[in-house]
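Take a look at this single chain, the form predicted alone, given in structure tokens.
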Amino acid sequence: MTRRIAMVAALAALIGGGAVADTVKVGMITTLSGGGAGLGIDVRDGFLLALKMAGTRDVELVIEDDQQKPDIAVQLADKMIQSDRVDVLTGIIWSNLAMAVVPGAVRQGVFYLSPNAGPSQLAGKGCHENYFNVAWQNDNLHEAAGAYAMKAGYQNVFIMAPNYPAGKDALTGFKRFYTGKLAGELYTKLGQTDYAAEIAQIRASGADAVFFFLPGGMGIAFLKQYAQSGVGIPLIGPAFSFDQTILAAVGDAALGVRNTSQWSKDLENDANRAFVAAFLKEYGRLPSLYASQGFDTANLLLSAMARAEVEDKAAFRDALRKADFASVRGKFRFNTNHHPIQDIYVREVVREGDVLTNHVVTVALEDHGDAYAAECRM
């Protein structure tokens, strides 16, 4: 059985059996192995859950593991476009992979719906009518962290992120809203697991807070080592460093840390309550930020399918722009560059029984768009 047929069969079983109509072919390229696998698994599982809850059989889904390698992601995209003839691509977690895949894919007439990566290059001058980001522009959650740092009264913050496009966007975004002094600024190696040298620099820096963006296994390694070091300087981060997978791995070292997110499991809206309950029932774990983004991405796709045929690209594009679906984050609409305008919250890591999770504390930025929309010409 080929990979494609296997995934279609699995999807048919998930949504109740029967043949899957060959209506919209979707290629999901995501990270399912290695240190970043938890992120891709959650995006995939959220996407599949939305299809199941909708009861649709009108999606043919091809899922492949990019192994967090740009060259493999490009090969998979070429195969999906040229051999599988997909109408829509989705799934990429990492911005360097998105930059390798998305520009070429959308120029070939394929729609790309991003459930995660939102590099600044694709939000500004490199925007495209077939590219829609359903998560955020990379800077956004970091901008909110910068705004929170100012409100909290921090005046000398040490900032750190991996050396790849999303890491650079992270520190740029933080500095856009944080106008105090910097005790230090570091770019670490992507995939790094030993942070002894960085923690020593933080200790000696005189910082009154640390802002860091280290998603996946990087965040787990840093948080554990930071707690063991006893440095004790308050941490601030985006939700990527405090999602459910990381919290489960890190434990009490994350308690009390404030982080920024456009979504939280305790947001009070009907769509979110239904999503959280269904995800917990289906998979036996609490959903993460990434799962919520996969879920919303699938529901955006389904909302467009209800309005237009994918073969009519102009009509389908207009249907996507309307974003006529109930987002788990509440308010959601697209900016002129097809990136979200949405509220971004400050959350705090708390314990619920035996589980660490996040609760919303306040709104950091309301109806927030990105800084690059004015550069987009389409």
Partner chain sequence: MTREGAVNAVILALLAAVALAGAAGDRPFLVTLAAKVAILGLAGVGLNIALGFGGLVSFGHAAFFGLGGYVAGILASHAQNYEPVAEWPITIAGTQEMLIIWPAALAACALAAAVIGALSLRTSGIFFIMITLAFAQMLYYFAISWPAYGGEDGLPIYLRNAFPGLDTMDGLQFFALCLAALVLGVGLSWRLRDSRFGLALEAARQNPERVAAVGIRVFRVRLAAFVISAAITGLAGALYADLNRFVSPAMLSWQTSGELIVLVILGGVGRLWGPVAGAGLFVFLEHVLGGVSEYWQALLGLMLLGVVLFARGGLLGLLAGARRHG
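Positions refer to the first chain, counted from 1. Rigid core (definition): largest C-alpha set, two forms, superposition within 1.5 Å. Everything numeric in this text was worked out from a predicted model, so none of it was measured.
Not on display, but discussed next: the form predicted together with the partner chain.
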Identify which of 293, 95, 90, 299 has a heavy atom within 4.5 Å of the partner chain in the model of the complex; exactly one of them does. 95
Taking the partner chain in the model of the complex as the reference, which of 329, 347, 44, 339 has a non-hydrogen atom within 4.5 Å? 44
Residue 163 versus the partner chain, in the model of the complex: is there a non-hydrogen atom within 4.5 Å? yes
Would you please decide whether residue 206 lies within 4.5 angstroms of the partner chain in the model of the complex, comparing each non-hydrogen atom pair? no
Residue 321: touches the partner chain in the model of the complex, heavy atom cutoff 4.5 angstroms: no
With a cut-off of 4.5 Å between heavy atoms, is residue 82 one of the residues that contacts the partner chain in the model of the complex? yes
Stretch from 95-103, 233-241, 145-153, 255-263 whose residues place a heavy atom within 4.5 Å of the partner chain in the model of the complex: 95-103
Could you tell me if all three of 74, 78 and 189 have a heavy atom no more than 4.5 Å from the partner chain in the model of the complex? yes
Contacts with the partner chain in the model of the complex - residues in 59-74 whose heavy atoms fall within 4.5 Å: 65, 67, 69, 70, 71, 72, 74
Checking residue 269 here: with the core superposed, does its CA move 2 Å or more between this form and the one not shown? no
Core superposed first: is there a CA shift of 2 Å or greater at residue 165 between this form and the one not shown? yes
